[in-house]
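Take a look at this single chain, the form predicted on its own, given in structure tokens.
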């Protein structure tokens, strides 16, 4: 299977997740092309068997360039196996309100783009203090404190569950009903 992994990353965790997906799929015998969404067009999706789209939530939204890509290719994406990975620090917590908000963000994104992904999964992101300026570092420390997290503003902290992502990719894409 030939898979396109198209992503938008603000601070680098979604890029790291995209690379992990490619490495995992390659280890399973598939081929994968990883492209930042800003470099993905023009592209012929017909040369791929499946597509993973990954983006990160910041201030309640996914990246605009990710939306542009999905909107432009929605018809083609709707006709093939797709996986939507939504990366957010909120996915690291257990708050049901945060989970509902993330589901709403993903659903609104897909509705606006005219895309019905085969599956949507939320992945926990990371605090990337090495990428933050002073003010963002202060804001992110406040966010962490509001969720009971202790963070070191001099060190990055990852929450992504790599094992769960590996398991997800092992079973994706699920065989079509009646296939086999």
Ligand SMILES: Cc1cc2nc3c(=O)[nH]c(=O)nc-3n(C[C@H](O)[C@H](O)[C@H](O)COP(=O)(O)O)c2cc1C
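Note that the coordinates shown come from a computational prediction; the quantities given were computed from them, not determined experimentally. Residue numbers count along the first chain shown, from 1.
Below, we refer to the form predicted together with the named molecule, which is not included among the displayed structures.
- Although the named molecule is omitted here, in the predicted complex none of 25, 120 and 170 has a heavy atom within 4.5 Å of it.
- Partner proximity in the predicted complex, defined as non-hydrogen atoms within 4.5 angstroms of the named molecule, places exactly one of 112 to 120, 65 to 73, 36 to 44, 132 to 140 at the interface: 132 to 140.
- Contact annotation: residue 80 falls outside 4.5 Å of the named molecule in the predicted complex, judged by heavy atom distances.
- Using a 4.5 Å cutoff between non-hydrogen atoms, residue 89 counts as a contact of the named molecule in the predicted complex.
- A residue is said to contact a partner when one of its heavy atoms sits within 4.5 Å of a partner heavy atom; residue 52 fails this definition for the named molecule in the predicted complex, lying far away.
- For the chain shown alone, residue 166 is not a contact residue for the named molecule in the predicted complex, no non-hydrogen atom being within 4.5 angstroms.
- Shown here without the named molecule, the chain has 56, 57, 58, 59, 60, 63 in 46 to 63 lying with a heavy atom within 4.5 Å of that partner in the predicted complex.
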